Ligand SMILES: NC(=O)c1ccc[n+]([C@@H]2O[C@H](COP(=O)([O-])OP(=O)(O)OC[C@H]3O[C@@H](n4cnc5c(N)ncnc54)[C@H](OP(=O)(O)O)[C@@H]3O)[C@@H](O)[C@H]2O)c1
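Starting off, we have a lone chain in the form predicted on its own, written out as structure tokens.
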Amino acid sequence: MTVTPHTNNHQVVLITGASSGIGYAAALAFAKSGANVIATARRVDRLASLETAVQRLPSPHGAIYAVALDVRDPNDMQLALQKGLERFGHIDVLVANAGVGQRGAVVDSDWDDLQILLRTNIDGVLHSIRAVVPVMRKQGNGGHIIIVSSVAANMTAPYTACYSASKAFVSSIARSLRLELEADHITVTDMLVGRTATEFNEKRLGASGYAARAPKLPVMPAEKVGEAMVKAVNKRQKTVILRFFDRLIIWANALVPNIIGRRALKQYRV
């Protein structure tokens, strides 16, 4: 893979899962900040919509280059990265965002659903990191990786156990990777995101429907998460928790996990 030294001052950001939700909002936020964005996802039609949205941002703004990508395929990841490098010459930031949700009992869930979940949420993050880090090292001027996790990462979560476990995995990777890449001056941010207004729940794999008495939890706009990512890069933040409410959830998961787990048990109907 050819790596070209920086030819301009524009930051280049590669975002996975950029066709909707948090990834879409992140692409707009980085482009608005002046960064050039390599936006990747499987849904090409949604990427075209994102390109239009970036072009309509008030000037000056960064450029966007959309590339079709399935993060579950490491060869796909390498090809998308090469296309991005050919377009912009370098890469400064990776936002490992692509992910799916899943609901259902561990034993009874459809195995195909669990395969999609684990290959997307875990393999996809690993493929992204393993593709981008060697390029950042060759460039020799550091970089930044944002791994999108969840406040559910440390949660006792009956009927969403596999999803929570996948986020626990990537948060653990973020903490360890941060030390592994310290000598390369590559910052790693573990972004623990709470409930966000996206189509995530509607697209979730497995059993559907909440129990009638499910609690009404506060929901934040995806734009808030995208803007927080730009801030995390600018300030080289290591861990990001966006709201005090989300911090309370994480504390409760750590201090009274059984209580949280039993509340979750009542929440879901499967």
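Numbering starts at 1 and runs along the sequence shown. Here the structure is a predicted model, which means the values were calculated and not measured.
Quick note: we don't show the form predicted together with the ligand, though the next part is all about it.
Contact check for residue 13: no non-hydrogen atom falls within 4.5 Å of the ligand in the predicted bound form. Residue 200 belongs to the set of residues with a heavy atom inside 4.5 Å of the ligand in the predicted bound form. Although the partner is absent from this view, residue 43 contacts the ligand in the predicted bound form, with a non-hydrogen atom inside 4.5 angstroms. Using a 4.5 angstroms threshold between heavy atoms, residue 194 counts as touching the ligand in the predicted bound form.
Using a 4.5 Å heavy atom cutoff, 19, 120 and 148 all lie near the ligand in the predicted bound form.
A heavy atom within 4.5 Å of the ligand in the predicted bound form is found for exactly one of 93, 174, 98, 157: 98. Stretch 98 to 106 is the answer when you ask which of 85 to 93, 130 to 138, 98 to 106, 174 to 182 has residues with heavy atoms within 4.5 Å of the ligand in the predicted bound form.
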